[in-house]
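Heads up, the chain below is alone and in the form predicted on its own; it's given as C-alpha cells.
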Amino acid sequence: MDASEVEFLAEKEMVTVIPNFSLDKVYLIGGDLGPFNPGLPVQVPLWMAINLKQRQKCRIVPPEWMDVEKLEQIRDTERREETFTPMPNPHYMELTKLLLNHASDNIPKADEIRTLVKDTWDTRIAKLRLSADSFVREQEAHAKLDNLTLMEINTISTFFTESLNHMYKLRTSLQTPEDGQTQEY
C-alpha cells in the first residue's frame, strides 16, 4: 500500500460542513447524507467536503482536535513518552494535509496547526526509526506497533519486511547442516 492509497482511505472520514445551498438527502452506497440546508451543519465524508468546498458550496468546520492548544498538548505528550501515544484520529496526518491544502481559509491558525502536526509526525517517525534500529540490532523476530497510524506503518513497512527477510537469510546461512544434510530450497 502506498501513501496515496492511505490518503484515499482517509477521505472516508466524516467531517462537518456548513452548506450554503439546499438539497434533500443524497442516497449513496456508503450511506445517506443530508439533508443540506444553508447554515445548518451536516456530516459528510472528507472527499465530499473537499468537492463542495472547491465548488464554493460550503464551509468546512475543522475537527475538534484540530486546535492549537490540543495539538501542543499532543506534541508535548508524544515528546515526553517513550512509547507511542494514541493520536486524536487514525488519519490525523492525512486529514491535516487535505484540509489545510483545500480549506485553510476555514481553519483558524492554519500555519501553527501545520507546524504542530509536522512536529508530532517528526517525533513519531524518529521514535519509529529508533524502534526499528533496536529491532534489527537485537535480532527480534516480531515487533509490537501499538498506537501507530496506517500512514506511519506504511512509512516503515518496507524497511521492516526487508529487515526480517535479511535476518532470516542470515540466520539460515549461519546454521550448519547437521548429520551431513544439506539445505535445499
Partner chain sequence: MWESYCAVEAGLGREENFLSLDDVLMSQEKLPCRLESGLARLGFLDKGGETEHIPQGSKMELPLWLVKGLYDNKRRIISVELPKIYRQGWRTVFSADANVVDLHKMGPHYYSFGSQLLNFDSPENTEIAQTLLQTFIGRFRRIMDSSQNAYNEDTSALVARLDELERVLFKAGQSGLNDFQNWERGQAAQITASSLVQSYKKRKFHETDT
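Positions refer to the first chain, counted from 1. Computed from a predicted structure; not experimentally measured.
FYI, the form predicted together with the partner chain isn't displayed, but the following is about it.
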Among Val68, Leu33, Ala132, Val61, which has any heavy atom within 4.5 Å of the partner chain in the predicted complex? Ala132
The partner chain contact at Thr155 in the predicted complex, heavy atom, 4.5 Å: yes
Is Gln175 near the partner chain? Define near as a heavy atom within 4.5 Å, in the predicted complex. yes
Quick check on Lys97: any heavy atom within 4.5 Å of the partner chain in the predicted complex? yes
How about Met151: is it within 4.5 Å of the partner chain in the predicted complex, going by heavy atoms? yes
From the candidate stretches 114-122, 53-61, 40-48, 24-32, select the single one in contact with the partner chain in the predicted complex, where contact means a heavy atom within 4.5 Å. 114-122
Counting only non-hydrogen atoms and a 4.5 Å cut-off, give the residues of 1-38 close to the partner chain in the predicted complex. Met1, Asp2, Ala3, Ser4, Glu7
